[in-house]
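Here we start with a single chain on its own, the form predicted on its own, put down as structure tokens.
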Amino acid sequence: MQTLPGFREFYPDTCARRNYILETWRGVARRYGFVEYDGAVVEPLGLYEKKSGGELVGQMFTVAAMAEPGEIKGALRPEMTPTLARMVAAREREFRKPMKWFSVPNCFRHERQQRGRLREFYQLNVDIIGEQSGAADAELVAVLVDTLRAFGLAENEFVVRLSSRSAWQSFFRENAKRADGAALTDEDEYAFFQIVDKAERASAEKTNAALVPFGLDAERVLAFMRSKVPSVDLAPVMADLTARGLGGFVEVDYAIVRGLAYYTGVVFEVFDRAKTERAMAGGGRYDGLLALMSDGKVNLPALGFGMGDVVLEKVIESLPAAKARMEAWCAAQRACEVFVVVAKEELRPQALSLVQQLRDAGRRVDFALTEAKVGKQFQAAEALGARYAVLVGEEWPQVKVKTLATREEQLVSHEAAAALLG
């Protein structure tokens, strides 16, 4: 029986690649001073109905009941931002500001499978809570850039496309006008953002038709979209990143608006420059979400991004240097460092003692669990990628330490072997 469509199982080779991604994510986030958190896998459905807009609600795996029949309907988490907002709203007074938190949750979306999108995925989430200045936006983008650099991606291989919801809000309020003369609403603004989000991929005719209720046309919208002049909120972010030497990884692109309703300011997405895959990551400011979550009791500025593992792994696989780095890491993790060869079965207790000493010292050690010919044991060592073989045989209490790559051998006491390899 196979797994359900869109869900994954990880055999040792694919599990190693997954762990490479997760550990690299964690390493960069910690280097920037972020601390890790996690939340519930199943959340109340209302959390997403209120916070994430209708599109996301339609992409969730719902749970019919929680602890008891008829209780609150739940959903497997499709993203982490609403959970983070709920957690921060509940206990934000306990933490120094700004709060720099990250997580690497497993997320689930009930949507049609397509290239780069599965129903189950891991996602790096990096968030800053309690800082209004553009320095926080720049710090967040810097984490994103350095995360991809840590995977071996170069400046000519990816780009962060930086935009501003605030700039689009100003454009809409200054240029839009409802045909019926009524005042523009937040729902109108959100509908406009959805049109802009699809404008790059849709025909001008389709975009024009969608813009009719707002008295706008595709030509005006696309002209603003293609402007490269940084808005008031983007200029300091660009200056900050340039001072860090990261300006070459970022460009202003107003085609990015981010579809979810809670974004409020600077937003961004990152793509491979070859444009072979969908966005590797995306995020931005969501300053109003905490107030919404807490019914106005907690009102802190906030921003963050999410990076999924599915598209990222595809991009890594497509780039020779990045792929080689991943494969080298995975090989090192899978490899047995030391293989203890039991050449005389009556010396197995002594061999087991040596195995344990080496493992206690942190070495990855393997050996034949049952009696086997010496040649077969050396073959096993080679197959496992061991760096050393230690032969426990007739020379005991001395042992032979063999470097498998060079075939060099040393005859040393078993105590010396434990010290040498430990």
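Counting begins at 1, following the sequence as shown. Being a predicted model, the structure only gives us computed values, none of them experimental.
Omitted from view is the form predicted in complex with ligand HAM, to which the following refers.
Segments offered: 292-300, 279-287, 328-336, 131-139. Contacting ligand HAM in the predicted bound form at heavy atom distances within 4.5 Å is 279-287. The single contact residue among Ile316, Leu260, Val340, Ile256, judged by any heavy atom lying within 4.5 Å of ligand HAM in the predicted bound form, is Leu260. Glu79 is the sole member of Glu189, Glu79, Asp146, Asp197 with a non-hydrogen atom lying within 4.5 angstroms of ligand HAM in the predicted bound form. Ligand HAM is not drawn, but in the predicted bound form it has no heavy atom within 4.5 Å of Asp272. Although the partner is absent here, Phe121 sits close enough that one of its heavy atoms falls within 4.5 Å of ligand HAM in the predicted bound form.
Interface membership of Pro105, defined by any non-hydrogen atom within 4.5 Å of ligand HAM in the predicted bound form, is ruled out. The closest heavy atom approach of Arg161 to ligand HAM in the predicted bound form falls outside 4.5 Å.
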